[in-house]
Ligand code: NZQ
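First, one chain by itself in structure tokens, the form predicted on its own.
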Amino acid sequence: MLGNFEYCNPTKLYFGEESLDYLNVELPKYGKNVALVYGGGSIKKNGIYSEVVKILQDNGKDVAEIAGVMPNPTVAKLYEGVEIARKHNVDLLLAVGGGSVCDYAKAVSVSVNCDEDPWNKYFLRSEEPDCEIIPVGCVLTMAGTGSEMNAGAVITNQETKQKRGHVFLSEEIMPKFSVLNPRYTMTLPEYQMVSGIYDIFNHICEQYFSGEDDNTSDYISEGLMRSLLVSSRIACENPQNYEARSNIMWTATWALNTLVDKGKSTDWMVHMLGQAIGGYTNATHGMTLSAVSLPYYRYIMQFGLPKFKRFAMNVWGIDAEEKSDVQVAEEGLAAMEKWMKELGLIMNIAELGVSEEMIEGIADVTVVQQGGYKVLDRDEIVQILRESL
């Protein structure tokens, strides 16, 4: 493990089929005013909404609702939530939904008492909050983002076609608690389930494909990826398999709760490309990642060949005997492509609504990240986007 780092994750997790009961343990720790944050209404159809509201009522909470949080939360929606939270003088933001709802709640939490425009401060200038932060709790209904145990938030500005994320530095922005019941993920459409699965896998890749030392974080990442491969195939065959869905949910949390990035420089360019595409198309996040991953990884493979060879051998079981390093690495990416197609992932950005005419504009809003095996220039971004069509 190279370098110096600190690690602290203050989020308390409650996992399992009876985990919602622990809201009764957490809610008394906060004031009376709660904002219930949720999405398009699926939690009302599957009964989760009624369960949560009853627990809130039993704990004497005065509840305001911030409903209709979309899969790619917008700046306008952020402003709306901030106004509701201010009017209600909230003591706790309780997010019930998938990663977008959890992300959104964190964005609201740092914006309620902010004197500046939160889009400019947090998502354009990437500054840290200098105001009181409203606590967040999560009841997760979709596995994928890891937002239930990190300090990240992603917001989209529809006017400028910019989708920007900010991983805040303060531990105060991490959810105070998160409830993870794998049963809650079983009502998701298959498209959303496999999108979440790829988001998980790519979160691990973004941290794994960096650095050249023998790093313990890489061994953990390889184990998480192998677990996900097994569970994803089982879940696609039988979406009601509790063991597979619980393993997927647990892997999602550990993929992005900052554990496996320790000692790593990390490489988030697939996410930057995917988010730029999302800003233009409003496409499902995991599918924007799957559509650009292979062109990106095949391009940078030459710059990080030892790691791509290791990936092929340790994750995909590729036999390296009597093969060149390039052959082994290419076979690993071919195995990855086969698995992605098995899941039914989107494999090109044209299926997401991207046309050749959009490429230059998408390149313009793509944020270039440092830390990977190759820092891309604009021409390389355009090339990768074209190869993703």
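Since the model is a prediction, treat every value here as computed from it, not as a measurement. Residue numbers run from 1 along the displayed sequence.
Just so it is clear, the following notes concern the form predicted in complex with the named molecule, a form of the same protein that is not shown.
Remark: none of the three candidate residues (232, 310 and 344) comes within 4.5 Å of the named molecule in the model of the complex, counting heavy atoms only. When the named molecule is considered in the model of the complex, residue 152 lines it closely, a heavy atom lying within 4.5 Å.
In the model of the complex, the named molecule sits within 4.5 Å of a heavy atom of residue 188.
The closest heavy atom approach of residue 81 to the named molecule in the model of the complex falls outside 4.5 Å. In the model of the complex, at least one heavy atom of residue 147 sits within 4.5 Å of the named molecule.
Of the stretches 207-215, 188-196, 118-126, 222-230, only 188-196 has residues with a heavy atom within 4.5 Å of the named molecule in the model of the complex. Note on contacts: among 31, 361, 40, 353, the single residue with a heavy atom within 4.5 Å of the named molecule in the model of the complex is 40. Shown without its partner, this chain lists 292, 260, 142, 276 as candidates; in the model of the complex, only 142 has a non-hydrogen atom within 4.5 angstroms of the named molecule. Contacts between stretch 276-302 and the named molecule, counted in the model of the complex as any heavy atom lying within 4.5 Å, involve 285 alone.
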